[in-house]
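In structure tokens, one chain follows: the form predicted alone.
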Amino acid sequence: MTRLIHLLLFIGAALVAQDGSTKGNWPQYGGQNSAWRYSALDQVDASNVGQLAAAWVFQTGDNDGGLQSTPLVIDGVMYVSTSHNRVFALDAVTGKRLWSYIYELPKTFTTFYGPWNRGVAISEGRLIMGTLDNYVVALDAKTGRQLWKVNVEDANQCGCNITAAPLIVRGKVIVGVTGGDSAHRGYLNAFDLKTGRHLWRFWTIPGPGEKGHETWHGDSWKFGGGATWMTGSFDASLGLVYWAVGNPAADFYGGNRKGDNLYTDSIVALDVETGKLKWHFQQVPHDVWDWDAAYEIVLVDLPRKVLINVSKGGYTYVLDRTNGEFITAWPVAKNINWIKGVGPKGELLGRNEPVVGKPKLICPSIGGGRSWNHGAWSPKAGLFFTTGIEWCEEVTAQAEIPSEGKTFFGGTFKLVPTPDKKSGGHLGAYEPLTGKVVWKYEYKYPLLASVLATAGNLIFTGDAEGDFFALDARSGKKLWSFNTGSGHRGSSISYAVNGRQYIATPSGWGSAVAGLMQQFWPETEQFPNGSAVFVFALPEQKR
């Protein structure tokens, strides 16, 4: 009884202090600035989810790379972007196309990072998208007419682009960049929402004279990686933008970049007005495993203001978001041998590093203990829901000379079975401050779609074989599924129009990690790709 009272008090405090849930609209990549991926809609619940039926389907026609996008819904209009930077505005009730925009990529353009796109952002009637050739584009949300377009950096020179959804806060468009696996120096940029004027840049790798530059040996900082390739979060009460930074380059060889290599593999908190660093926490000093910290940052009040970040190395980090103080870290994967654990101050215990010229077993694999697909926080359940992956690799490190904008891995890798011979994926429900597993749903392949939580005590996600399904948030029991014909790599959402709740999911198998699976599961090479949005609702008489 005492534990129940404490749980209710903590949930109540979280709801009073902060509401990151969505309702009729799904206005941002993570739902809201706090990235909960939680819908307060409860028309569809555990008692009737089995009656969900397809309301409409929209085929984008842009199948190459699959569909990794998060659809947005504003006042009955859905906006969805595709792998080649095409944008569609759809009637959210019928799926009718209202307008479309096709971004014209250079005919000779090629990219290591793509083709794929994970979403757009909308504010004040403007739709913002980052592009494969490293531009930021603003469209009129009502018509699709291009309003402005700015180049961030020459993509042919840097070998980088923008694949994530921008974050729009206080009239600023904040966008990251790829390039963690190439010879490139990472950054985060802010542009004026109305004009596209550049406002500030934060370099994730400090230059000469900047704090943290001393953590890079020689000139290694010039091509040190530090990509900001996913979407950040924002706390309006603190005026802080939170962004997670990727790995240093070269990925597996650190002999030419001795030092901690700030601010790679770090959470950084920046002043939204100036882009100045307020605090940082580095999860993996001198990373030689390719363990990006670049995934989502979920802001929750427990009632202490915390952030939750799942790292590619297989650990979930919980920090005080007011000052970056380490609170705890707990694993989402069982097969982890690159360290023996995380200490009480966030320090890494028992590092197990790749060796030059000699294969070494490292778990998890380069695909991560979890991929970039987004977890979800449910204030109703008081639980954080996230996937995890069980797979390993043999890594052979090698010295490598950087060439600007070119791949810069510093080694090779080959996927191998886990020591317990139980490779695969799972989705778990976790207590955020302890990492206690409440339940776990197992799957034979990695689960690579984001998670959606709803007030109907439901969890939605999809799998590699095309099944989009719902689990009971309290027990993990599978309650409903629908096969969309292609695997799931994007992010489902929920919204409402005229009092009717809808569940929407992108369907379309693809991405670098999906291709990586073929090393270990050859049959996945035959999984069909696609690019379609499926929308579900209860029959009219059932709601």
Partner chain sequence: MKLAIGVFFLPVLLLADQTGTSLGTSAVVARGDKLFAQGCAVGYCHGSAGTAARSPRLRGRTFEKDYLVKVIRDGIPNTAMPAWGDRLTDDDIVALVAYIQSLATATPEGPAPSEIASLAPPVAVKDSDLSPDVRRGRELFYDPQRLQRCSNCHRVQGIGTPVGPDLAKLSRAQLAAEAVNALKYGRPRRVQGIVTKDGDRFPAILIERGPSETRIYDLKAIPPVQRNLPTTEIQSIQQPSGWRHSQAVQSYATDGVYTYNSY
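Positions refer to the first chain, counted from 1. All of these numbers come straight from a predicted model, not from anything done at the bench.
Absent from the display: the form predicted in complex with the partner chain. The rest refers to it.
- The single contact residue among 146, 323, 94, 237, judged by any heavy atom lying within 4.5 Å of the partner chain in the model of the complex, is 146.
- This chain lacks the partner; the member of 432, 254, 119, 115 within 4.5 angstroms of the partner chain in the model of the complex by a non-hydrogen atom is 115.
- Annotation: in the model of the complex, residues 198, 222 and 515 each come within 4.5 Å of the partner chain through at least one heavy atom.
- In the model of the complex, the partner chain stays beyond 4.5 Å of every heavy atom belonging to residue 88.
- In the model of the complex, residue 413 approaches the partner chain with a heavy atom inside 4.5 Å.
- Using a 4.5 Å cutoff between non-hydrogen atoms, residue 100 does not count as a contact of the partner chain in the model of the complex.
- At the 4.5 Å threshold, heavy atoms of residue 106 reach the partner chain in the model of the complex.
- Per the 4.5 Å heavy atom criterion, the partner chain in the model of the complex is contacted by stretch 106-114, the sole one of 106-114, 170-178, 432-440, 69-77.
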